[in-house]
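A single chain comes next, written as structure tokens; it is the form predicted on its own.
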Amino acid sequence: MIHLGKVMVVFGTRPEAIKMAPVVKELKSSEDLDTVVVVTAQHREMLDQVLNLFGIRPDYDLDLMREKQDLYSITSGVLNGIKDILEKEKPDLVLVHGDTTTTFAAALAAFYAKIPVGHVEAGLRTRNKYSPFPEEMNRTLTGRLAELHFAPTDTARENLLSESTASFKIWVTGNTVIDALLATVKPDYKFGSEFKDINFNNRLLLVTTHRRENWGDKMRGIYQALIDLVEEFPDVEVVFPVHMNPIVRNLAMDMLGNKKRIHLLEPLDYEPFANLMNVCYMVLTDSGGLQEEAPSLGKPVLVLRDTTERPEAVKAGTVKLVGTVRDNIYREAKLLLTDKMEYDRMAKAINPYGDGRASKRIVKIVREFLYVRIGAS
């Protein structure tokens, strides 16, 4: 058997870990590859939950999370930390994911070391560098540094082509989050004690908010709309795992704490969260990943943002951009709560993000790339 080389996988947050876990598993099943896993722990407590769930043991852990950390410290911490690891391990390819600061800084470090970069979930764009911030520029800059682009959809591929990325460097693979989701959801899942106050016979609205651009008045508008919905519909309950950021937590507790049928939970492990998504009525979120995951489970998604880097979901009808204005959120959620035809239209739309085999496609391409490099060297 020909040894194809060493692949280093780098990620730092819970969403990245979820989406890269199937890729790591597939890489480690390839006997002709060595796999090195590096985590930056840009988000420590949320990352560890996913590592434990998928049985991933990092080879290196930079443990970067600090209280009140900012983008400057994360970027410099990743650059300096990855530099030493690259020099020691000398990988033949570095794989990064998506749009975090870890993603961009790790890709930049690999570029400085003249090591090719593979970008998983490449090509997502809003064309507004401050929305979402800093994710839009993180993924755009990573795209300029990458040698291999694993685009989840044809739309993402077209975005890359419009930036003069060579077509032979782009592959449409589907999104690896679907691989992880389908491996995690169980029809007979038993929810733990943290859900004891929730009436699962009611219609559950699963809510997440965390985006920096929504902090302040926009988030107040979102939360007031949730209050309006619960007050109007007695069979509706809001289930809201609250982000760890104190700006989000303080406002959520102030506006939504002790409200009847609004449940503020601590951040959930991925397994209960995925299974909660499977039983909810619909999702209201400013997250990116949930726009891909929830439609795979037949759940409509109202996106609490003014822009999305996932326009194919809007086009497919699986998600709807509703912004952050209280009345707009209330109106669109009420429509789905009262109009079965509109609900079914969204719930039954075909998810454009793949079939759960993206990781296998990515690793196949990685192996072919490394095989060609061996022949050329």
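If you're wondering where the values come from, they're calculated on a predicted model, not measured in any experiment. All residue numbers refer to positions in the sequence shown, first residue = 1.
Unshown form predicted together with a small molecule; subsequent notes refer to it.
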Gly288 within 4.5 Å of the small molecule in the model of the complex, heavy atoms: yes
4.5 Å heavy atom contact, Phe273 and the small molecule in the model of the complex: yes
Ile222 within 4.5 Å of the small molecule in the model of the complex, heavy atoms: no
4.5 Å heavy atom contact, His243 to the small molecule in the model of the complex: yes
Option from 88 to 96, 112 to 120, 224 to 232, 206 to 214 whose residues, in the model of the complex, bring a heavy atom within 4.5 Å of the small molecule: 206 to 214
Every residue of Ile18, Leu268 and Met277 near the small molecule in the model of the complex, heavy atom within 4.5 Å: yes
